[in-house]
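Let's start with one chain on its own, the form predicted alone, as structure tokens.
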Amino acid sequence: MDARRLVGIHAERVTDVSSRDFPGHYPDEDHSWNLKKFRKNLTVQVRRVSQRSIDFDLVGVDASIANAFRRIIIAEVPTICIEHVYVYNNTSVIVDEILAQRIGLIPLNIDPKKMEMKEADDESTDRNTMVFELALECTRKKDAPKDTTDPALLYENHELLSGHLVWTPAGEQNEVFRDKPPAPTNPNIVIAKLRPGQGIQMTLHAVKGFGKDHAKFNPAATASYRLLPHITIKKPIPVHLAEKFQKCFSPGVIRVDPRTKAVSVDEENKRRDTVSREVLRHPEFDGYVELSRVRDFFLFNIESESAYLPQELLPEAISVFRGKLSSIRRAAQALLEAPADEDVVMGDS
């Protein structure tokens, strides 16, 4: 491992945080940006993927790029959420404003690519608005056991769930969304609890939006990364301290030979380590181990809570990022072409 790629982790400080691979820092070395070299060093490897989350490695980029992808996923990848709530009846214990806020946070399975943005002055159409109806009334079961206190046995419709949202298609929506009718991604989200005599009737309008405008439009429950841990054992660990040394790290990171008690780092499992620095608290291990992280090796974890599959979120973020780069290129070109005594005004596009 090239020492220049490592961020030093010490007992009370962190060293070599900033990268120095830029032109002019190292004498007689050319560190100008090179596309061929960048392609050679860039690696994206999926480590685990499930229905709702993905772990992948992004290697060979600066922290500013990795963080840009993370922030774009959270704030600028569009989703569809309920924005307008029209309340006709609400006799539950939850007031209208709180109920509307809870309903707005329900993730929907609607593909944002099939809908247009609705601006403040635009009229609602079948291309920019999705309509849902929500109607439920709680009643007492006539044949309920007399000795039970279970609401499920005593009442009908004692819980208002996300699955009670009913899509009302308009215009061409039946044809456009024929393969995947709009609905909540999870039908079992509890919105409110009802008792006999309480009921709710609402019309809901869902629109396209971004997480930077409201957190409900965030397509990911979490989008985070951390740097790959790097552990160097500088000299053999004494046999009688082997197990104590092993317990200073996350399970599976350190191997201890059952016969010889030789200590080694599991290269595959070292990514599990949290770099808690526990080993640095013990004076008996002073000088035996060196902790660090790899500056350009990012371990990403993304949990999707929207219509996107988890493996689709990074490509969507890259697409948004490319759009930003195109805007910068157009602005730079306009500056070059504009007369020296005129200001350049860029539009929203």
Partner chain sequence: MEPADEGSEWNDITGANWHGLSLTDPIKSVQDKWLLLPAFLKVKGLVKQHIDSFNYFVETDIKNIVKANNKVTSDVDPRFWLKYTNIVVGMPDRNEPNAIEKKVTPNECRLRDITYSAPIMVTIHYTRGKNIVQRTVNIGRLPIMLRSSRCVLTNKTDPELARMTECPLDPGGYFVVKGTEKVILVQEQLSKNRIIVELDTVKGIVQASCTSSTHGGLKSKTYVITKKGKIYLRHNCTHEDIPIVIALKALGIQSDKEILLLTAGNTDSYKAAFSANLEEAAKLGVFTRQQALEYIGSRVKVNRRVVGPRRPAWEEALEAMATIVLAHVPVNGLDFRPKAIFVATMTRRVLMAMEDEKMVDDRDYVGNKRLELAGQLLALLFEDLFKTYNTNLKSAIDKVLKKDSRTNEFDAFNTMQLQGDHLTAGFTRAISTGNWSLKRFKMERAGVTHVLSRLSFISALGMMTRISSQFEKTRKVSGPRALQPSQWGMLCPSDTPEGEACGLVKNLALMTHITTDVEEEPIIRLAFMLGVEDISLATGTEIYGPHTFVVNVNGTIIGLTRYPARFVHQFRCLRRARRVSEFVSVYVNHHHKAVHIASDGGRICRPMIIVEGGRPRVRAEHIELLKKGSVTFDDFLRKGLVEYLDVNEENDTYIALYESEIVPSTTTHLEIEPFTLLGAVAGLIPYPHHNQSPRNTYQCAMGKQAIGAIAYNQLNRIDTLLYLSVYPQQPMVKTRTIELIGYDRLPAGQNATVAVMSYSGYDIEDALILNKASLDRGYGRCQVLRKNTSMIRKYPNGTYDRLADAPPDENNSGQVAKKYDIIQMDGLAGVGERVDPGDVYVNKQSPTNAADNSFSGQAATVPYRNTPMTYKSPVAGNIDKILISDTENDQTLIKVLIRQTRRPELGDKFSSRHGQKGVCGLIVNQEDMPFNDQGINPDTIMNPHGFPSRMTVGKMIELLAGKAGVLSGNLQYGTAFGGSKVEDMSRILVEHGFSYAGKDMLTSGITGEPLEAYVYFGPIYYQKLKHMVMDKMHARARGPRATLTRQPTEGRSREGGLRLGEMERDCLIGYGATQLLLERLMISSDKFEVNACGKCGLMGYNGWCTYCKSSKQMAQLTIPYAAKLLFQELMAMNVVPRLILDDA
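Positions refer to the first chain, counted from 1. All values reported here derive from a predicted model rather than from experimental measurement.
Heads up, the form predicted in complex with the partner chain isn't pictured, but that's what we're talking about next.
Novice: Looking at the partner-bound form in the predicted bound form, is Asp213 within 4.5 Å of the partner chain by any heavy atom?
Specialist: Yes, contact at 4.5 Å.
Novice: How about Glu12: is it within 4.5 Å of the partner chain in the predicted bound form, going by heavy atoms?
Specialist: Yes, contact at 4.5 Å.
Novice: Though only this chain appears here, would Arg281 touch the partner chain in the predicted bound form if you measure heavy atom gaps against 4.5 Å?
Specialist: So Arg281 counts as contacting the partner chain.
Novice: Find out whether any non-hydrogen atom of Ala75 is located within 4.5 angstroms of the partner chain in the predicted bound form, and reply yes or no.
Specialist: Contact check for Ala75: yes, within 4.5 Å of the partner chain in the predicted bound form.
Novice: With the partner removed from view, which of 179 to 187, 255 to 263, 159 to 167, 97 to 105 is the stretch that lies within 4.5 Å of the partner chain in the predicted bound form, judged by heavy atom distances?
Specialist: It is 97 to 105 that comes within 4.5 Å of the partner.
Novice: Just one of Ser276, Ser124, Asn174, Asn269 has a heavy atom within 4.5 angstroms of the partner chain in the predicted bound form, so which one?
Specialist: The residue in contact is Ser276.
Novice: Tell me, out of Lys193, Arg226, Lys244, Arg140, which residue has a non-hydrogen atom within 4.5 angstroms of the partner chain in the predicted bound form.
Specialist: Residue within 4.5 Å of the partner: Arg226.
Novice: With the partner absent here, would Arg48, Gln51 and Ser304 each sit within 4.5 Å of the partner chain in the predicted bound form, counting heavy atoms only?
Specialist: No: no residue has a heavy atom within 4.5 Å of the partner.
Novice: Along 57 to 77, which positions have a non-hydrogen atom within 4.5 Å of the partner chain in the predicted bound form?
Specialist: Sequence-ordered list: Ala63, Ser64, Asn67, Arg70, Arg71, Ile74, Ala75.
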